[in-house]
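A single chain comes next, written as structure tokens; it is the form predicted alone.
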């Protein structure tokens, strides 16, 4: 049954999250870094250093710090991840959960739209090239899969900004894309935060002016990621379609006189499982790997937040970010596994 499969995977995910939390907790404390000196300054007095160390809880033993982090040796209410509390930032003093709640939707919106558009492009292109494996389209698709998958996204992001913003203005006198200065024009009133997805919040708030402007600002970062990830997805769908079209059950379907449209749909269903896996891998990777795009377009996503946390030795922020990224990734992988079972009848729960 699907529910038993989901419960089993959730229990395994909880164990994985606990293991990841422990590994990250100990690894960052093995780094040759002094977060106390980073916060109070290297010229601070010993008294100030000791006070800051006590305030951060770093004067305790590693085991005591671990107990406080997990919430199993602390008497403070909501103190520890066992109670769902990720701690407070050493830099800003704000709860980590609130900060991640601001930055995570930005990254989720960026990669969700990018992968969705890349998938909608990859399916018809991959099917068309697979139906004519010796045609010109198949050769172009094969080249594009190799080319796009090997390109650095930050370089293409800068090139797109130069072409669609700077060069376009010089040539035609208007901007095809906005300046990379955030998610929305600073002169506009942002929609009320409901989901964190600015396009969705604009619709829910009936702020259609903000919706149009936010979509305009998301155009280039989404286009950049689509440009990069669409190649491998197209290549995966094409290769699997070619393999499936040569399989016995497709040959049998054709011999029975089924129309080409029905045969293509059968083949697509069988070829989608590996492509869905690749999309899930991309999703998990881009949660922390979309940093160059977030920085270039000043989006302020979770990847950019994690980099700032690492550079400032903000241990609670690092631990919380890794935990949330792992949690979202495991949820995506669980969803992919469930979709596999519906796509491939040979898979049982």
Partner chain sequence: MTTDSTSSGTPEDINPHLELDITKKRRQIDIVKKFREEKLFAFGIIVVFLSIFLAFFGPSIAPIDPTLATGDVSFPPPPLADWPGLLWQVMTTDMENPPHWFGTDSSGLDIFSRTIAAPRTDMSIALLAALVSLVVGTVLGLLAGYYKNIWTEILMRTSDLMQAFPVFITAMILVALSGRNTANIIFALGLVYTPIFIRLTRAEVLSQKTRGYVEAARAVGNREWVVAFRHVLPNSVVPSLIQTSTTIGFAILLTAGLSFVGAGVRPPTPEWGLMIAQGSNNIVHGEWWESVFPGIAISLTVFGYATVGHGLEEDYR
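Computed from a predicted model, the values in this text were never measured in an experiment. Numbering follows the first chain given and starts at 1.
Omitted here: the form predicted together with its partner chain. The next part is about that form.
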### Task
Just one of 85-93, 143-151, 108-116, 208-216 has residues with a heavy atom within 4.5 Å of its partner chain in the model of the complex, so point it out.
143-151
### Message
Can you pick out, from 63, 48, 27, 54, the residue that has a heavy atom within 4.5 Å of its partner chain in the model of the complex?
### Response
27
### Query
Would residue 158 show up as a contact with its partner chain in the model of the complex if we use heavy atoms at 4.5 Å?
yes
### Task
Answer for residue 299 alone: is it within 4.5 Å of its partner chain in the model of the complex, judged on heavy atom distances?
no
### Message
Is it the case that residue 171, even though its partner is missing from this view, gets within 4.5 Å of its partner chain in the model of the complex, heavy atoms only?
### Response
no
### Task
May I ask you to check whether residue 40 falls inside a 4.5 Å heavy atom distance of its partner chain in the model of the complex?
no
### Task
Using heavy atoms only and a 4.5 Å cut-off, decide whether all three of 166, 289 and 310 touch its partner chain in the model of the complex.
yes
## Note on the structure
Checked 13-41 against its partner chain in the model of the complex; residues with a heavy atom within 4.5 Å, sequence order, are 16, 19, 20, 23, 24, 27, 28, 31, 32, 33
